[in-house]
Each structure stands twice: as structure tokens, then as C-alpha cells.
Ligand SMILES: Cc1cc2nc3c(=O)[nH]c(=O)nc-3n(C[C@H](O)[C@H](O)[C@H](O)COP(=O)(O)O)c2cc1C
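A single chain comes next, written as C-alpha cells; it is the form predicted on its own.
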Amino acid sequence: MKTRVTEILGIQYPIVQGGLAYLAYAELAAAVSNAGGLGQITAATLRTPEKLREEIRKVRTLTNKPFGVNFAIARHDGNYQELLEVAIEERVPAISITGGNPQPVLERIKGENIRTLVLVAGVRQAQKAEQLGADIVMAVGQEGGGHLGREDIGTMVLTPRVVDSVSIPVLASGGIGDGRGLLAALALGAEGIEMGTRFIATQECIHANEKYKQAIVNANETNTVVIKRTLGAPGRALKSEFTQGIIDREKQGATYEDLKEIISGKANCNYIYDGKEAEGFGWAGQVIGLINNIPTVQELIDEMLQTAENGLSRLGAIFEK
């Protein structure tokens, strides 16, 4: 496959793995890159410059293909500069920026020969990212897992809107987990996709507890909820008694201080690492309705490409005169 995304990133297929807090480590990143996409590790949950440097070097022992480092900058409370310097020193091929104002990161990277991707949830954010020098924007619809935009715009509408508003390439994100989603994204004008939830339910996502993976496989598209909406930071998670408890407290007017323990990274890890359903939660998008197995990353991408090709043949037959 050849799009501007594959050319800019130096990858075979325009498939980018999302940042996946607490889950995006070397094994998963390398597997995605080896399968022809762009794998990523997440800086936010590595916390220290030493750990990030170690993980970057570990990726390089597992693949010689391009990979990325994700900076979910809102999680750092502005204290991500040391981690960013490590990524620059290690000459990582790509950096993605999510969850905050990308300007400081993009300005620091300028001239460093590092490709940049910025997650956006609306047209204005995409245009700003382009003005600041981003190479690629990733447009995430409200179907996605984890933190989302505040406007509740679906991927089907958001993707062409963003495509029409910028001249740089666009990745579609949110609700995509198979070859049909890849083909649809390309039809909407995107030049590739970003996937998060689908990569959790793979064998190389070794940090995810099996209970979390099986919950994703067993659930359907109605089994997610949006938490933290009243805090101005909506995020989509698996529906459970725990997440319903968060929503109930939000409805009762709870503040961030009231909720901070049960919406924390620790609560997230209680479930995704240890499977403690009563003590935590797991992020997931509506695409869980399309996930019914836990393949290797290579098997997943192979299947996606075959499905996309079959879909393209079907469309060709429909449009034949």
C-alpha cells in the first residue's frame, strides 16, 4: 500500500498503533512495526528518562523498522521535557502527541528529522496542528476508546471534515478494528488509520491482563460508557459497576478532587494489570463489538489487508458498468 502516510513514516501499511497508556511497550510496538505498521511505546507511563531510554533501546533489539513514541502530554502536567529530550537523543523515527497543546513539543522537535503525528477531535485542532508543523493528524471520532473530544462527532463525519480542512495527510481513528474500517477510512479521504482498542486484544499486548482482553472479546458495541464528561475530559471505557459508579457520582455533582482516586492511573492499572473489577476500569472503544479473537499482531494485520482487498473487489463489482 502506498499513501503519503506510508511515505512519510517509511512503513509498508498505513496502520498506526495508538499510545495505549500502561500497555504500549516494546513487545507490542515491535510486533506492529514488524508487521508493516507503525508501533508505538508510551512515554507517559514510563515516567523516568532512564526507563524511556531503556524501552526505546529494547524496541530496537526487536525490530529494525520505524516506530514511534507517544506523548500524552496532559498526563505529564507539563513535566514531559526530560522524556522528550531522551526521545530526541535516541533519534526516534516518530513522535505522536495526544491529550494537550502540541505546540511546545512541535517547536522543540523542529529540525530534528523526527516525524510528528497529532491526535485531534475537530477541524480547528487539525488546522492548528498543521500550522504548527505537524506531519500527520489523527482524527479520532467519539466511538474511540480512552480520551475523546468534547463534541461527540463520529468518525464517519469527522474524517472527511478534517481531510477537507488540511493539506497534510489524515489518519482516521475511532471505531476501526478490521479491514472494512481500513477501507472505509481510505474511502473517506484518510490516508491510513490509527487503532488502539483492537491492538489490546492481541497476543503481543503482554501487559494487558487476560480478564481485560476477554472482556473486550466478549463484549458488544453497547458495552462501553463515557466517564469524566463532567470534568471536561470525556473518555470511553468498558461498562462495569465500577465505571457506572463513577458516572453516578458525576451526576451527583462530584468534583475532580472527589473522583481523583477512582479515575486515576492506579485505578486503571488495578483492572488492566490485575483484573480487579471492583477496584478499577479499562479503556475501550465501541469497536469491541467487532472483536472476537486474540490473534498475533501479524495475523491481525494480514486479516485486515485481505478483508480490505475483498471489500475493494466487492466495490469494484458494484461500480462495474
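Numbering starts at 1 and runs along the sequence shown. None of the values given here were measured: they were computed from a predicted structure.
The following text describes the form predicted together with this ligand, which does not appear among the structures shown.
**Message:** Just to confirm the contact call: exactly one of 307-315, 7-15, 294-302, 20-28 touches this ligand in the predicted bound form at a 4.5 Å heavy atom cutoff, so which is it?
**Reply:** Stretch 20-28 is the one.
**Message:** in the predicted bound form, does residue 42 come within 4.5 Å of this ligand, counting heavy atoms only?
**Reply:** So residue 42 counts as contacting this ligand.
**Message:** Check residue 283 for me: does it contact this ligand in the predicted bound form (non-hydrogen atoms, 4.5 angstroms)?
**Reply:** Residue-level check for residue 283: yes, a contact with this ligand.
**Prompt:** Can residue 144 be called a contact residue for this ligand in the predicted bound form at 4.5 Å between heavy atoms?
**Reply:** Heavy-atom contact with this ligand at 4.5 Å: present for residue 144.
**Prompt:** So in the predicted bound form, does residue 59 come within 4.5 Å of this ligand, heavy atom to heavy atom?
**Reply:** It does not: once this ligand is placed as it appears in the predicted bound form, residue 59 has no heavy atom within 4.5 Å of it.
**Asked** Within 4.5 Å of this ligand in the predicted bound form, do we find a heavy atom from each of 122, 162 and 190?
**Response** Heavy-atom distance to this ligand in the predicted bound form: none of the three under 4.5 Å.
**Asked** Of the residues 72, 129, 92, 246, which one places a heavy atom within 4.5 Å of this ligand in the predicted bound form?
**Response** It is 72.
**Partner-contacting position among 202, 116, 224, 98 - heavy atom within 4.5 Å of this ligand in the predicted bound form** = Exactly one listed residue reaches within 4.5 Å, namely 98.
**Request:** For the stretch 191-205, return the residues whose heavy atoms include at least one within 4.5 Å of this ligand in the predicted bound form, in the order they occur.
**Result:** Contacting residues: 194, 195, 196, 197, 200.
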